[in-house]
Ligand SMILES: C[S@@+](CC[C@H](N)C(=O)[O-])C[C@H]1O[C@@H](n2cnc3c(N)ncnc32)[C@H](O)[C@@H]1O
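Quick setup: one chain, the form predicted alone, written in structure tokens, and binding and motion questions come after.
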Amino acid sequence: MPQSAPGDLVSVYVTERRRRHARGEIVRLLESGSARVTPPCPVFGRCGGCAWQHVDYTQQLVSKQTILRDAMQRIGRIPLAELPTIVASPSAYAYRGRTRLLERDGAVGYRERGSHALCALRACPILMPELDRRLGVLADEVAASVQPGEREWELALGRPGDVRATSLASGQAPSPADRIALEVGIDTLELSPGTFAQGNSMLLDMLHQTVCSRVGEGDSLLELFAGAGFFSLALARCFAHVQLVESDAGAVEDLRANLSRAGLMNVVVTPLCAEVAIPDRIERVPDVVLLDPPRAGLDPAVLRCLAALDPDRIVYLSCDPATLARDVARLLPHGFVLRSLEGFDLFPQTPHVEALAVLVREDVA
């Protein structure tokens, strides 16, 4: 229940009753549980960015393990003998290297919880220190020049000392000069404003290393939702033939530039959505498929076509345990088994958890 912590004793007003469950709102906290802590952010509870600052970080990790296991068992009907492992963030605060902010009426901030109203702020404890300082500067700049309407800003941290605040004005095409550089393994990955990238700067290397190790090496790799090439550059050195599918035009432009800079010539970029690319535009039957779809997961047609490709291994990175469990359950009847499941806490102070599932064909398990 929102704003509650394990072990709390609360007074609840029931707002909805159903045959198998009820919904309610906390009226009063009667007794604090051992997992409850004092949130450091003065706008916690009003800001929609964080939901768990009042929960001890160790308990957050246990809860996310439970969320991941329960999704697999309840939604996927996939029994797990034990809780999945989860990689903790090196810091529960000051970890985020990218964020988006809303500007309105001379102020910047995030939306209020459950509302379109702006929660104005000048500092945010989950941002990396360099980004947090830039937020304060941006708040001063916006206050000094009030603009009509509203617009979105992206704050991004690249190489040490490279901090950007970029307006994501509608219809404004980013320039290559606006790209920010990240060091990923032995590669430099450049990203335009608005191009997706994982936000937890402290776990980027661990996530990159783990996903690449689970993908392994071979003759042919198909990567769906490749983005700007966060995993692609390293994996292109592990496979003879690589096909990358990505539909976002800005990400495709960044991806091509990153591949060219790295001198990787064994890669085919297919600038289409997965629904169109599979199966008609797949150039080679893959040994391994890597995918990192948006929160909604995979379209059923893509799942069926993916299963028909019959790869030896599918490596599925997901930001939503529920849709991951649903998709894994739909793949199992096609001759796959779930070999491993692990989590990464890319989003401390929230209930979100990144999950990595590896499926292999039953005859090679």
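Note that the coordinates shown come from a computational prediction; the quantities given were computed from them, not determined experimentally. All residue numbers are counted from 1 along the displayed sequence.
Just so you know, the form predicted in complex with the named molecule exists too; it's not on screen, but the next bit is about it.
Novice: Which listed residue (Gly227, Gly76, Pro84, Gly97) meets the criterion of a heavy atom within 4.5 Å of the named molecule in the predicted bound form?
Specialist: Of the listed residues, the single hit is Gly227.
Novice: Within 4.5 Å, heavy atoms only, which of Glu275, Glu150, Asp162, Asp140 is in contact with the named molecule in the predicted bound form?
Specialist: For this set of options, the contacting one is Glu275.
Novice: I'd like to know whether Phe196 contacts the named molecule in the predicted bound form, with contact meaning heavy atoms within 4.5 angstroms.
Specialist: Contact check for Phe196: yes, within 4.5 Å of the named molecule in the predicted bound form.
Novice: Do Glu183 and the named molecule come within 4.5 Å of each other in the predicted bound form, heavy atoms counted?
Specialist: Contact with the named molecule, no.
Novice: Report whether the minimum heavy atom distance between Asp248 and the named molecule in the predicted bound form is within 4.5 Å.
Specialist: Because a heavy atom of Asp248 falls inside 4.5 Å of the named molecule in the predicted bound form, the answer is yes.
Novice: Looking in the predicted bound form, any heavy atom of Pro293 within 4.5 Å of the named molecule?
Specialist: Answer yes; at least one heavy atom of Pro293 falls within 4.5 Å of the named molecule in the predicted bound form.
Novice: Counting only heavy atoms and a 4.5 Å cutoff, which of 85-93, 116-124, 279-287, 229-237 contacts the named molecule in the predicted bound form?
Specialist: The contacting stretch is 229-237.
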